[in-house]
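Single chain ahead, written as structure tokens, the form predicted on its own.
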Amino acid sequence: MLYRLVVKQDSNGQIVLTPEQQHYLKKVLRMGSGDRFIALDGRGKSWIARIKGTSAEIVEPLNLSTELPITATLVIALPKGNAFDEVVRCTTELGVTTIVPVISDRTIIKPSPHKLERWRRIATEAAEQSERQIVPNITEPVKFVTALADLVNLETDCYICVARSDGKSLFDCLQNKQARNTVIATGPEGGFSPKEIETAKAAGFQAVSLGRRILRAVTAPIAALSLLAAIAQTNNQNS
């Protein structure tokens, strides 16, 4: 098995290894010059690479296919504590394309600038571990109502998950979806406020249910993306 690392390239196409990556390859994995690993650019390209001193060189390109056949965007109201770390890790493994952390009326946490750097590092590590071709984009936290306008377009299906909803289930909606771009919004502890739900619906979001039980703010986005990934892969195999 070849280990995977998300790397950067210099102007000459040479792979640049950070001090942390050099330490990981040489001290943790006990690899040295001439040993090979899989290098990823985090945007879809990958290569077999060979360690060369403190850098690495490309040996040959790889043609991999591990991504979902759709674009999946999760809009997630930030949960309290460090729970968002686990959301980033799990949804990255499941195939999310973009994560939009938002601050809603009931959001408790006030994220500091270093949190975004931490989340992006977690996403990179999860992408390497789960053998993905891309690293999900994590945007800077914004207010929920601010994010809405940038997400809706004619080629996107948008859903907002609402607890105790009489609307259709997300599962049923995804079975009949047409667009290849999907946006799913999940709320914080206590859910989105009634005003936020109505604002989202006015912007083009469809209110959906994740079932009869009340899911935690950490569980809901993972459950939603699991449904989306399973249905998208099944539909792609049957098409």
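Residue numbers here begin at 1 and follow the sequence given. Treat the numbers as computed from the prediction; the structure is a model and nothing was measured.
The form predicted together with ligand SAM is left out here; the points below concern that form.
In plain terms, the part of the chain that comes close to ligand SAM in the predicted complex, with a heavy atom within 4.5 Å, is 190-198 out of 56-64, 28-36, 42-50, 190-198. The contact with ligand SAM in the predicted complex, taken as any heavy atom within 4.5 Å, belongs to Ala163 out of Val152, Val142, Ala163, Ile108. In terms of contact with ligand SAM in the predicted complex, the residue from Ile222, Ala229, Ala217, Ile15 that brings a heavy atom within 4.5 Å is Ala217. For Thr186, a non-hydrogen atom is located within 4.5 Å of ligand SAM in the predicted complex, even though that partner is not displayed. The closest heavy atom approach of Val208 to ligand SAM in the predicted complex falls within 4.5 Å.
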